[in-house]
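Coming up are structure 1 and structure 2: the same protein chain in two forms, each one given alone as structure tokens.
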Structure 1
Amino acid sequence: MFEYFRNLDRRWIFLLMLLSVAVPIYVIGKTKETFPETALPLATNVFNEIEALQPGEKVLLAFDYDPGSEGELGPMATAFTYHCSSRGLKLYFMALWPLGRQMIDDNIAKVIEPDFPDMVYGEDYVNLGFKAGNEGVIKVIVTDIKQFYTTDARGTNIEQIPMMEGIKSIQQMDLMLNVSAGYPGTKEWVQYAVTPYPKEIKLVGGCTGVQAPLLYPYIPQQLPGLLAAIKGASEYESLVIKAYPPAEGKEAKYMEAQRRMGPQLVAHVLMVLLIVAGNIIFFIERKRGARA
């Protein structure tokens, strides 16, 4: 048996990894059941910051990612929009990434238009679109948003949009939510918006797994809450769905992160078992060599 595992063809390992991903996807898709999720403090803090807002208060949602990161960040962006819309908040969308505008449009079409038909564009939500300039945009809009944004993503003059009336800068936002895949993203929002104006601007957000360690030093002072990768999105989803159950038949799109956690969990367990098995084989082989 030892010799069998010692000389095991690596293609069997590849097959096991394929099955560890494919089987959970099939089972979860068939049964609609997901693994139970317990929210950790960082995800809970994000949820609580939104819950603390009153209907009608203003939220800036900056979607700084593109389709390449949609697998990790799409579910949390969807959950943010759903949560804020359920709370009756005013949503101001913007992006520092060129394809961020597409992510915003997809989010609006996925969440607001079908599930919140009473929300009126220009009165309850607005898409300011993408502006080039990276952190330069942040430095300007923290004091004068209309210097950069003279029209929205549809080309409508800002002065003709009811919810932009009286808005001079993002310091007037009651909360800011950022979904970030890298530069520019959450780190730049912390450095150029929150740090200069700690009392006026409050920020929480979500990011990719590789970006999270770079943001942990800002917790909790500049960044009280953070969703890290699909795990953080899954925790946040569980809180939102529990508080605001979606209409029957629409649950799936608000449980995407939890669905994706299934194959990830099984694959990680398999990797751990393979590492343990490899070490056992190594030490047995070394012990036999020492005896020889």
Structure 2
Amino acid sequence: MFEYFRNLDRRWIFLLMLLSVAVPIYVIGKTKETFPETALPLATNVFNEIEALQPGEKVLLAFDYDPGSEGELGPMATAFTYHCSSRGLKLYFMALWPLGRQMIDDNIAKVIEPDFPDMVYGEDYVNLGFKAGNEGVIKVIVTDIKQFYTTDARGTNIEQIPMMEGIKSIQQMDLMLNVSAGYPGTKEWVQYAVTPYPKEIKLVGGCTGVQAPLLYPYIPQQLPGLLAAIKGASEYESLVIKAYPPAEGKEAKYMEAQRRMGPQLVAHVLMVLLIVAGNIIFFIERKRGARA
């Protein structure tokens, strides 16, 4: 028995992991129940920073992620888009990741086009698209956007986009939101935009679980709020939905992260149990070794 577990085929563990994610998704998908969510200060800060803006103020949304991290970041990008649109802000989308442009288009198609049909492209939101260069792009646009962006993603002359009028650099944005999957991401925005222009540029964002602990040292001086992984997204989502209830039948679209906390719960418990089981085997082994 002990030998069996000691040499356990790892595919059993894979199967457990699969079930611990799949079963809750099935159950939640059927029952449509989610866990109650209480927002902690970091997510509340993100929410409050957006709330502090007046309708018509400008917000830069940098979507630096791709399908490989969409599971974690997709819900917060959706929630950001929904919150800013509900608040009546002017949305400037851009991306430092090559796939980010597609992520922006996806969010526009998912949130703005169906649920905010009155928003006009070029007046209320614009997709500036992707530019290569990572932090090199930040270095340019932090002082001069038009030096590098001559058109938006749709090929419109940037000078003819009404909402770009009078915008010299991203310092004119009233707030910056970043969805970050790694490099380049929130760290680079803090280093190259916030740190040199602390008074002009205010940044809050959401990031993957891998990055979240690494960004804590920037909080709160350089980064007042942060949505840490799917849990942060879930907390923020709950705040947004409470403040701006979606139209009937559309709530579920904006509760993606909250639904995902179900598989998250079961899989986290499984991880704890796996570590405990591994350690029990280890201690039995050590005891036998000492005896022998």
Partner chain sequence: MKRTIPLLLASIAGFIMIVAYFSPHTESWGEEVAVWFNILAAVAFILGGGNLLKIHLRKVSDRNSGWMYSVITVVSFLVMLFLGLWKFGVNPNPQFPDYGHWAGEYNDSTSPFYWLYEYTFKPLQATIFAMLAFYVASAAFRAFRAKNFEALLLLATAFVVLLGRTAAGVFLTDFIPADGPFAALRLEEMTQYLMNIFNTAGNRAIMIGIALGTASVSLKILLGVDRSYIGSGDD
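Numbering for residues begins at 1 and runs along the sequence of structure 1. All values reported here derive from a predicted model rather than from experimental measurement. Heads up, when I say rigid core I mean the largest set of C-alphas that superpose within 1.5 Å between the two forms.
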Open item on the list: Between the pair I just shared, point out the form predicted in complex with the partner chain.
Closed with: 2
- [ ] Give the C-alpha shift of Phe283 between structures 1 and 2, in Å, after superposing the two forms on their rigid core.
- [x] 6.6
TODO: Once both forms sit on the same core, give the Cα displacement of Met271 between structures 1 and 2 in angstrom.
DONE: 3.5
